[in-house]
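We begin with a single chain expressed as structure tokens, specifically the form predicted on its own.
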């Protein structure tokens, strides 16, 4: 038998696996690298986060990705070259982290590589009758990661979700359900990345068919893009300081909230392909606010992100939901955004996932380590029911290093 397959079989039989989870989101700030020890599988999974780092992208890397990021038309040659180049880059970042942590590559069982999303195209968003399907594209080829690191790599997780009837996002429901369900409370796991999404978890022992995950609209993507446009020396509005000094413009806010996405049934997905600087520009033109100051624009965009979350929550749970909300992602560090969320969801109790033993910045990288663990050692898990059902599939394409 092929020795690589023998190795994979042996990994599946082990009581635990050491897995590196990778995540690079739409903020393009860097690569999250989480070295995890995962014991067991399924609902008995137990996680130990051994090491975590975010390896920052420099200006050159961000510039290269932005040549194709969320763009309908790009150079096919450039896209083809960027795919292995990012695989090499991510592999080198992994090896850099392992060296700093004094962990040899041979001591790691698997890498779970999300890759870099460059385009997300759910059918409701692209609306092309000649392609009646959902689609998404992540770059950073898994074969290149595996060969360069010498570690078996799972990648391209989102394609199986789409093939099984999903939209390729959000995938957080799998990890949230397996790791963070509680017998004591209903939970809303709120990820405030470039795009905001949440997973609803009923109490353990209650009807698991009510669990689901959905995008709610922009999280940080428009905030960060607006800061970069007006203040190029800044990557984002640290601690929401600029936004907190501004005033919400109700006319602009109404135009931002006017898109059919916000009235669509849950669950749903979206991306910076829709919520782009052009979307903001069009809303400003319709509301005669093209001359609005930076601080007021950021205050309005903060309100916009918070209202997207609040409207989705009230759409499901009624006008005054009382849930335990645990935040992660960059927006969990933004006091202005957190204040707006508390204002619109006054009966909810807010905290971060750190309270649950999961670092907010590491949560998505951990998720992909967990998905790799399930693909190798677990069984497909059924979550939710009906339209809100999360496909019960094993995700990730396997790349051997030799």
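Fair warning: this is a prediction, and the values are worked out from it, not measured in the lab. Numbering follows the first chain given and starts at 1.
There is another form of this protein, the form predicted in complex with a small molecule, and it is not shown here; the text below is about that form.
Proximity to the small molecule in the predicted complex holds for all of 138, 197 and 364, with the criterion being a heavy atom within 4.5 Å. In short, of 296 to 304, 144 to 152, 113 to 121, 249 to 257 it is 113 to 121 that has heavy atoms within 4.5 Å of the small molecule in the predicted complex.
In the predicted complex, the small molecule lies farther than 4.5 Å from every heavy atom of residue 383.
Contact between residue 352 and the small molecule in the predicted complex is not found at the 4.5 Å heavy atom cutoff. Within 4.5 Å of any heavy atom of the small molecule in the predicted complex lies no heavy atom of residue 94. The shortest heavy atom separation between residue 170 and the small molecule in the predicted complex is within 4.5 Å.
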